[in-house]
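Two forms of the same protein chain are encoded below as structure tokens; each is given separately, as structure 1 and structure 2.
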Structure 1
């Protein structure tokens, strides 16, 4: 659903850029709490969110290269807002998808640069906000089990995609550059993106379920769902022993810290396989927005991308004749660049929050005068 330059006029694109910048600024503040294990939802695993958040951004970039067929002549791909919000938190999730969109627009000429604000508002902010709201609502009413988390993930992701389609329709209503009936745009966009949402839901539920199976402590949306075990004495022992004042319960031993390195390496390997190998077999059909734009005439004023001559434009390394090698190498470069950019942002946020929370040393007391 990457909106190119020319679909939305300049004033609305600029206004969307202001909205996106404000949302990113708010997310930067919220992500500091999520990455620093403070605030609602914090707990075991929060201190390890920063490197995993960079990996989530890289993984979303990689899976977005895997377009899957949804109807005759139409394909879809992961948007990633739901997946990011559930794995690393809603504010951090907005930043993850924003980093992906920035890398795609600058390096791969995917999504217009003047439309970057529209794309961030639509694909990062709306999908993450809607998905996480639905997810939190469902985990409150469903049984506290891993299966419930997977069901909530599926439903949240499913609803987030047509919500993004509605958001695009609103932008088009305000600043569309072509004269196409709004009802036609709404019906076509929501219809095809409900189908794409099914693919998004499957990918999200499977990924969240896989992480839950091996490291549930690293899933932001699942924190607090597992109650600690309680140690109880036998009633027979109480009958034999003399009555005594109840002793204060001993503090539960701290759970041993487990490094997320294995999960990080497995996730990176999966991202590289998706971007560097499986992307060659992705559907070549236009995605939902491209198909609707072509069929309804929304693309008559599309402008050439500012980085159309980029060495990595269209996810292919220029001057490499072998199509599979050119696409695979571009995917690997994209994963590496997104991982580096995302991890850098989140590590800086984590350190700034830690520095802000460190109390300043007390001033030395002046020595006594003799």
Structure 2
């Protein structure tokens, strides 16, 4: 996605250059903080920034050469924005990807010199910022396990690549030099980049997992997740010195268990609000697929859906006149039905699992309770 010269006109390129310069200046300051040593005798971090950020930039540069075969001879490679944000922090990530882009532009003529601002804004700044925001949010919401870090990095990388495509489309809308309709550019860019994002997401999650398995302390995004080492003494020793145990600093309580009930209730409330209240404001025009089908005359032969005259057809309740009430009620009923079906499946599955587990020793059952 390296934008060449001449694709975006001069004023917008200049504006993007200013934005990119400001972002790089901010991240130069932030990177010092992120790379500061955490151990005893840590300095301000200013003198650690250059070698560490430089090596991380070299890492991104090298890892872009690692080819991941997809199928039938095609292969893709990592873009690295999300990976850098999660591994070394957002500011250092922006900085490293920007340096890689700068060097690619100046040395390898990959991406135009005047388009450098556009390239840095969408590929370094937006990718990294979106990835890190999504990652932090998910890590905060999900339980504190290694698996949820993997899930969070997957989602972060998945969203970061189309976000860059959206940003590129915005630049195109402001200063594109060609006449391709905005909608087409948007669809093509976002469509292609959702696919690229899928690959990026899988690779990023696997790579973060690999680093996390060996050096969890190096993963910036997972810094709060490592538990402090716990001192365990044998029961005999504990009997000998019962007074010593309370005197020892109480280990930080393990990550508070979030009860699934609260999550479940919050999700239910959100779904009901969306379905009941917000659905009134949703567009009543046909969605993309329906519209394309209509425009191209594809839908002339489609038959009406079998449930088209059901009481809930087209997302509104049949015999209620008020549109707002009808739509909202249909939404609420839909949520309830979906929930009932989902819960039913879940309950059946759990029962079956519990039945299979009954011969297991009773000591296992507490773990099953939540």
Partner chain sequence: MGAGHAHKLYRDGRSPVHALPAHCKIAAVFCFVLVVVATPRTAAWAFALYAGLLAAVAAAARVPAGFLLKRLLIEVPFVAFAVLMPFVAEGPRTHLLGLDLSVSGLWGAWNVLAKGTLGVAASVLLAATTELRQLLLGLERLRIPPLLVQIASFMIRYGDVLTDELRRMRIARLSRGFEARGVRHWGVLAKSAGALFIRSYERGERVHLAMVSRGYTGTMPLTDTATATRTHWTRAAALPLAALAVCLLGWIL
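Numbering follows the first chain given and starts at 1. Nothing here was measured: the structure is a model prediction, and the numbers come from that model. Definition used throughout: the rigid core is the maximal C-alpha set that superposes within 1.5 Å between two forms.
Between structures 1 and 2, only structure 2 derives from the form predicted in complex with its partner chain.
Once both forms are fitted on their rigid core, the CA atom of residue 62 lies 2 Å or more apart between the two structures. With the core superposed, residue 340 shows a C-alpha displacement of at least 2 Å between the two structures.
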